[in-house]
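Below you will find one chain, with nothing else, as structure tokens; this is the form predicted on its own, and questions on how it binds or moves follow later.
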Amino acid sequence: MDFESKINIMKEYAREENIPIMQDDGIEFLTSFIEKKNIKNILEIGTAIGYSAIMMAHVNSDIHITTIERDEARYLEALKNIKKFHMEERITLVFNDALNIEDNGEYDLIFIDAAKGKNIDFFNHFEKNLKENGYIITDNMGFHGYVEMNEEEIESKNIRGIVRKIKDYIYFLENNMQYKTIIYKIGDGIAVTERR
């Protein structure tokens, strides 16, 4: 079975099981960015079933990814998928809460796609691992259009809470004097952050 077919099966599984994976134009943006910037070493926070890690690794055979997942079912599914694509040598999967991990690696790219309410914590915890001219990319800045809505219009208290945390993160990025951030309205909203 070719790469495309295997990816489509993964996407179908994610849809059926209601597992959030990156939208098509989001993943396209991310993989093009990796290619354009010649990124080789990536830390991903939030593996889910391994979809974005596999897509990123597929860009170039000398890319290495360390990816962290705390949900056991998703971690096991990701392990299975990484094996299916024969990428065990290039994708290192870590089963843990990202904030419990002390990583000494240096990365060209840190990709944050995990619990939205903890984006600031993830950023602060891992920025020391970012290479001098590296990038931090964060997904779900638009959170399915909710971020642009009036908070009173959002019925779910849970979603209101997540939206507030994302807005706090956007404020944190925009007011972080060490970094500059551009938020692209692509996929579910993607923030690209680099040192000034």
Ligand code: SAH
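Residue numbers run from 1 along the displayed sequence. Keep in mind it's a predicted model, so treat the numbers as computed, not measured.
As for the form predicted together with the named molecule, it is not shown, yet the points below apply to it.
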Exactly one stretch in 166 to 174, 129 to 137, 143 to 151, 41 to 49 has heavy atoms within 4.5 Å of the named molecule in the predicted bound form; which is it?
41 to 49
Contact test in the predicted bound form: residue 122 vs the named molecule, heavy atoms, 4.5 Å
yes
Quick one: does residue 98 come within 4.5 Å of the named molecule in the predicted bound form, counting heavy atoms only?
yes
Residue 68 near the named molecule in the predicted bound form, any heavy atom under 4.5 Å?
yes
Does residue 90 reach the named molecule in the predicted bound form if we count a contact as any heavy atom within 4.5 Å?
no
Can you name the residues of 1 to 31 that have a non-hydrogen atom within 4.5 angstroms of the named molecule in the predicted bound form?
20, 21, 22
